[in-house]
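Alright, here's a single protein chain in two forms, structure 1 and structure 2, each given by itself as structure tokens.
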Structure 1
């Protein structure tokens, strides 16, 4: 693995130059928020930020995505293509929690039994440059409780660590190594690696929240009908904010929109928090209240995903905690479950 030292003042210029050659998605200031969005060729990304309000998942698994177009003829349906092809893309500035979310999504969309060609195409054409959290940005961060850490390289092709006046750039994968010429820099020595080790240890120690996430599954295995679920959901507004901001939530709905003889099939994000999510054509809904919906959300992340992929479907970014309008806190929910 190639390791380089990159001067701080040169980094934003390097990324801005790359934006003239490929699509670059990066953190950008938007009034009082930082959003992950497409960088225009004349723009420079933020390199000093806490985390983005939105997760970069949207560029691999779009909020709305055309799957195909078709035309109805007297002889039947004729497909006319229409799927949105991925383009060569650089994700710059993902925090380690978001980079790790891509690995979790890979488990679902690119597994042995099922491959989603739309996601796989975009993922193959995307290079991820992650930026380590030297100081975890929020008290709501809990990545160390779900298998990550603030300087984790999982899911990243390049990892940048702030060493003070320069960045340690670790080119982890072949896709990352393709950026060596663009980044330049000088070879990193033993001192830089030792500095990175110290930063990693300090950053992990600064994670204030400890969540017993790994201990939840044995309880969830036997507490499906527990009275706990009848009290958990009572203040939930079913707004879906937690699922739409989550880097790993991936529920979707597919619908056809037809005008005369032409139609498109589109995939839209959906949410287990919504009343219509499991409503059947007959009118029956197996999850008729928010009780069943919240149980599904928790079970999916901390039990079903573990059963299927041996991984917790949460990266501990804390977005759902910060954004919930009624202060529902997944950290407390998991802690309460373990006490059942």
Structure 2
């Protein structure tokens, strides 16, 4: 693995230059929040930030995405081309939790039996440059409880670690190595590696929240019916914010839109928190209240995903905890489940 030292002041410029050559998505200030978005050519990204309010999944699995196009003929609507091909893309500044989320999404969208060509195409064309959390930004961070780590490179092609006066850049994959020329820098020696080890230990120890996420699975296996579920959901507004901000939530709806003689079939993010999500035409709804929907959300992340992919579908970013308007806290919920 190639390791380089990059001057602090040069990093934003390197990314700005790349933004003229490919699609670059990076953290940017947007009024009072930091959002992950596409840079204009030569726009400089933020390099000092906590984390983005939105998860980067939007650029692999967009909130709204065209699947097919069609056009009217005398016999009916017929296909008129597919979706646009994905562009070569660079994700800059993903936090390690978010970089890890791509691995979790790969498990679902890139399964053996049915492959999702839209996701896979974008994913194949995307290079992930992650930025280690030298000081984990929030008290709600709990990546270490769900298999991640604030300085880990899982899901990243390049990992940057702030060593104080410069960045250590680790070019982890061949895709990452393609960026060597653009990043420049000088070879990193043992000293830098030592420094990173110290930073890594310190960063892990700064994670304030621990959640017994792995212990939840055996309890959930036998507690599908439990009075716990009847009280848990009561203040939930079913707004769906938690699922929309979640880096690993992947549920979607498919719908059609027609203007005059042309139409598209699109998919939009959907949410298991919404009452209509599972409602059938007959009126029957297997998840009739928010109780069943909250149970599904917990079960899906901490039990079913483990059954199907041997991984918890949560990266511990804490977005759902921070953004929920009524302060539902998945950390507390998981801790309570383990006590059942």
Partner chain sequence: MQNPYVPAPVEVIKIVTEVDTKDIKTFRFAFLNEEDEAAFQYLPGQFGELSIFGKGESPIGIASSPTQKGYIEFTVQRAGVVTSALHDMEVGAVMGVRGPLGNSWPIDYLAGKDIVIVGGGFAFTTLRSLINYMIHPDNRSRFGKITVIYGARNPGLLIYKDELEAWGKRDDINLNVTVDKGDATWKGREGFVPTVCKEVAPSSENAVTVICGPPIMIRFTLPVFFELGFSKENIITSLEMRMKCGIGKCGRCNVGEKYVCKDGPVFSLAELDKLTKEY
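All values derive from a computational prediction rather than experimental measurement. Rigid core: the largest C-alpha set superposing within 1.5 Å between the two forms. Residue numbers count along the first chain shown, from 1.
*Asks:* Between the two chains shown, which is the form predicted alone?
*Replies:* Comparing the pair, one sees that structure 1 is the form predicted alone and the remaining one is not.
*Asks:* Classify residue 258 as shifted (yes) or not shifted (no) between structure 1 and structure 2, where shifted means its C-alpha moves by 2 Å or more with the rigid core superposed.
*Replies:* Passes the 2 Å threshold, so yes.
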